[in-house]
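A single chain comes next, written as structure tokens; it is the form predicted alone.
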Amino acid sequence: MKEKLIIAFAILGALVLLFILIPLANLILSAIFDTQIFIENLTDEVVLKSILLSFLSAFLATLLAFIFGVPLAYFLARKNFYGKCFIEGLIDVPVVVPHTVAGIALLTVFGTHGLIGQFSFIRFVDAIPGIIIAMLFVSIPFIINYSREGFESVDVRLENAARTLGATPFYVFLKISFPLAFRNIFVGAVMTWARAMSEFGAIVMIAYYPMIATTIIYDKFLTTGLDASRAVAAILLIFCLLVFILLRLLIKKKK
């Protein structure tokens, strides 16, 4: 009975994997087989710059999410207070809100006449800071939630023991809590980066230019058709797969 259950689950799992694999493999192979268009886009300076800008902006968004999100995650993991459920629910809102709604919300705050944008010396509309805050808004819940789960798995008695021995709260966090929760934090950071890389709707609302990978794919689809946009999408997908493989290898070494 157990073996039949395992076989049934394996079949269902295989179907899920095929559902993911077939569209991705078809996209990459069909783009590569159209060699001329693929090479043209692979050597196109504009395309490469847009992909590089995507990676850089997603990294900066992830860095900001780490700096501000991990402390909040630790606070939520260690403290119970009135309104905590509301805060945890609020953190999850950017994940479920439509992307265009997120973009409009950001425009009302960081736009030229927005709540902050009208007074800020930093330009957000059609500028790199606008891309970064759009990425940050939609992706920060991942690092907060993953990190919170990691800190919740750390035995509080270890922290208390260190405190009784004279360690400061920051030392306890840095030397005990953070290392023990590191795997969750790392996975959260990877997911944050991945979500930032994939963002489109919020970004085009606040910063269509300079173009990143997702916007240039959309632009090419509208202006030159499916073949060119498919080639850029395949190039981006290949780069992302390589990054994910490297990150997976890195996290395995940390175990």
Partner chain sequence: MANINKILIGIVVLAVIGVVLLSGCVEEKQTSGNISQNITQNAANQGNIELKVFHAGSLTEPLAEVEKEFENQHKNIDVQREAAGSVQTIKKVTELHKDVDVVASADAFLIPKMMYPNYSDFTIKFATNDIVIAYTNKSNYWNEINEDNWYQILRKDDVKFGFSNPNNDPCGYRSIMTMQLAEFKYNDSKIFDDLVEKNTNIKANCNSTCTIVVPNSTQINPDTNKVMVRSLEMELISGLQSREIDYFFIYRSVAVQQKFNFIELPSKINLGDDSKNKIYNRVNVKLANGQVQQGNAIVYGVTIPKNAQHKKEAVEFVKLLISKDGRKIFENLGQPPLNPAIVDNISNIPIELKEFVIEEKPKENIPTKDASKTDKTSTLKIGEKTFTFEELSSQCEKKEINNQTGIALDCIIKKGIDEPEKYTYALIGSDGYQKTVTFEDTQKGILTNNESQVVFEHLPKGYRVRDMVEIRPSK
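If you superpose the two forms and keep the largest set of C-alpha atoms that fall within 1.5 Å, you have the rigid core. Predicted model, so just to flag it, every value in this text is computed and none were measured. Positions refer to the first chain, counted from 1.
Below: the form predicted together with the partner chain, not depicted.
Contact flag, residue 43 vs the partner chain in the predicted complex, heavy atom cut 4.5 Å: Close contact is absent here: in the predicted complex, residue 43 is far from the partner chain, nothing within 4.5 Å, heavy atoms only.
So in the predicted complex, does residue 149 come within 4.5 Å of the partner chain, heavy atom to heavy atom? Outside the cut-off, so no.
May I ask you to state whether residue 7 is within 4.5 Å of the partner chain in the predicted complex, using heavy atom distances? Flag for residue 7 set to yes.
Flag residue 224 as yes or no: does it have a non-hydrogen atom within 4.5 angstroms of any non-hydrogen atom of the partner chain in the predicted complex? Residue 224: contacts the partner chain in the predicted complex.
Okay, which stretch from 212-220, 189-197, 56-64, 35-43 lines the partner chain in the predicted complex, with non-hydrogen atoms inside 4.5 Å? Within 4.5 Å of the partner lies stretch 212-220.
Would you give me the residues of 5-19 that have any heavy atom within 4.5 Å of the partner chain in the predicted complex, in order from first to last? Read in sequence order, the residues that approach the partner chain (within 4.5 Å, in the predicted complex) are 6, 7, 10, 11, 14, 15, 17, 18.
Is the shift of residue 246 between this form and the one not shown large enough to count as movement, that is, does its C-alpha move by 2 Å or more after the core is superposed? Not so; residue 246 is displaced by less than 2 Å.
Taking 2 Å as the cut-off, check whether the CA of residue 25 shifts that much or more between this form and the one not shown after a rigid core fit. Where the cores coincide, residue 25 shows only a C-alpha shift between this form and the one not shown that is less than 2 Å.
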